[in-house]
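In structure tokens, the next block holds one chain alone, the form predicted on its own.
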């Protein structure tokens, strides 16, 4: 027996210079053939944490990933069957770590696919609202959370770093001012390495010093 209570997962990554969102193509009504956030009903007597893990795995093939609660959504018109509350969870994953693991394990979803955040299709239910709220949270915490660096590979360029900031903030940043601000922050470690396998001039690589970052945040 199912309860009238669902879980939806907002999963971000970063690839090809774009902030990416993982969506699933629904294979059931309502909204059959629509793209949606990975999500489904929690089962009776199922703990919230267990429901999140199960639904995440069944709809994306991902497991052992920390999901942070984003909020509850209970609009009267959010679901064709009436007021069905959903609890949204969000997470950030490194693209290279999960790209080969993405595969729905249930017939409810036809496929799972990454979409650039500025090129999203129309979404089922109120999922566009959920995505917007999660983006707002990213924007508001961008300066005192590690979210930006969780999106990047372990070694990254300053251009990649700026691209993540711009994708989350939704605006273009001045390159000179951005790099000055990052340099003054002091929590990036410049590496004696440059990009490999690129057709253009290889850029210097950097690493994020989480300990220095946390020290600065604690001192605020």
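Numbering follows the first chain given and starts at 1. Just so it is clear, the model here is predicted, and its values are computed rather than measured.
What comes next is about the form predicted together with the DNA, which is not displayed.
Answer option from 44, 155, 180, 32, heavy atom within 4.5 Å of the DNA in the predicted complex: Partner contact (heavy atom, 4.5 Å) among the options: 180.
For the chain seen here without its partner, which of 33-41, 170-178, 61-69, 46-54 has a heavy atom within 4.5 Å of the DNA in the predicted complex? Answer to the contact question: 170-178.
So, residue 210 and the DNA: in the predicted complex, are they within 4.5 Å at any heavy atom pair? The answer is no: residue 210 has no heavy atom within 4.5 Å of the DNA.
Verify the contact flag for residue 159: yes if a non-hydrogen atom of it lies within 4.5 Å of a non-hydrogen atom of the DNA in the predicted complex, no if not. Residue 159 belongs to the contact set for the DNA.
Even though the chain is shown alone, can you say which residues of 184-198 have a heavy atom within 4.5 Å of the DNA in the predicted complex? Heavy-atom contacts within 4.5 Å come from 198 alone.
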